[in-house]
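Just one chain is shown here, as structure tokens, and it is the form predicted on its own.
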Amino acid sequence: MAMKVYGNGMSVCVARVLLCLHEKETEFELVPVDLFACHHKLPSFLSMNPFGQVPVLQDDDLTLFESRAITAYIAEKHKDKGTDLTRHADAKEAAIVKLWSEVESHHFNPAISAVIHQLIVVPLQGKTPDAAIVEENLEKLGKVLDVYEEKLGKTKYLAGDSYTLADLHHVPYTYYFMKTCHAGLVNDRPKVKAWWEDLCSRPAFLKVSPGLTVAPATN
């Protein structure tokens, strides 16, 4: 039986999981969840994820939530299929993948998600983005990207010369970010720009990107 992913393709976290599934060439069913109608807050959904957030993965009798936990499970279960996203055959290489995945989670994601929240979610709520929050987090993001620029001058991808979860986890938020007027933060760093152009040209991403349809605010 194919895995089921509950969510909406416009969600960054859902897109992260869909990218992983496509990279692993794994069959799945996307079960739509209407976020605007708050279907993720219904009892039937809360029984799968008590925090009321997408995505949720069901694989037979296993139910998972939290997108990075889901991608780790998919990559491990299908480690001999599709793209090797964890470098599982070499303990040291696998450790580097985990390290840079942690960097994404603890350094990159907080900054970029705060920017995208202000430029996408806040306007959808009929409110005005907080320019101070945007500027504060653009500064934080710039410092992270400076580290990436140096790292990507040494290896093609963050965890070495192979595409892994450490890169994949960045993709959905960066895609939305590149639609904003702040894309220069990436484009002005040659190594980061080349890395991003590589990531967004992958066949798996081309299958997922049509679902990333929300337009950021222009300011």
Partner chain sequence: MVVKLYGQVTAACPQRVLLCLLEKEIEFEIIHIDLDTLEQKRPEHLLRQPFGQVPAIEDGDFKLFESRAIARYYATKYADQGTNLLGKSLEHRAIVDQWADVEVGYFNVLVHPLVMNLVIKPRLGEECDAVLVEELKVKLGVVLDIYENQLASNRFLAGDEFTMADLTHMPAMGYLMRTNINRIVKDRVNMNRWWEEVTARPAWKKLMKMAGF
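Numbering follows the first chain given and starts at 1. Quick caveat: nothing in here was measured; it's all calculated off a predicted structure.
One more form of this protein, predicted in complex with the partner chain, exists but is not displayed; see below.
Only one segment in the set 185-193, 171-179, 32-40, 59-67 has any non-hydrogen atom within 4.5 angstroms of the partner chain in the predicted bound form, and it is 59-67. At a distance threshold of 4.5 angstroms between non-hydrogen atoms, Arg87 is out of contact with the partner chain in the predicted bound form. A residue is said to contact a partner when one of its heavy atoms sits within 4.5 Å of a partner heavy atom; Thr128 fails this definition for the partner chain in the predicted bound form, lying far away. Although the partner is absent here, Pro50 is a contact residue: one of its heavy atoms lies within 4.5 angstroms of the partner chain in the predicted bound form. The closest non-hydrogen atom of Glu102 lies within 4.5 Å of the partner chain in the predicted bound form.
Taking the partner from elsewhere, no residue among Asp161, Ala204 and Lys207 has a non-hydrogen atom within 4.5 angstroms of the partner chain in the predicted bound form.
Taking a 4.5 Å heavy atom cutoff to the partner chain in the predicted bound form, none of the residues in 13-37 make contact.
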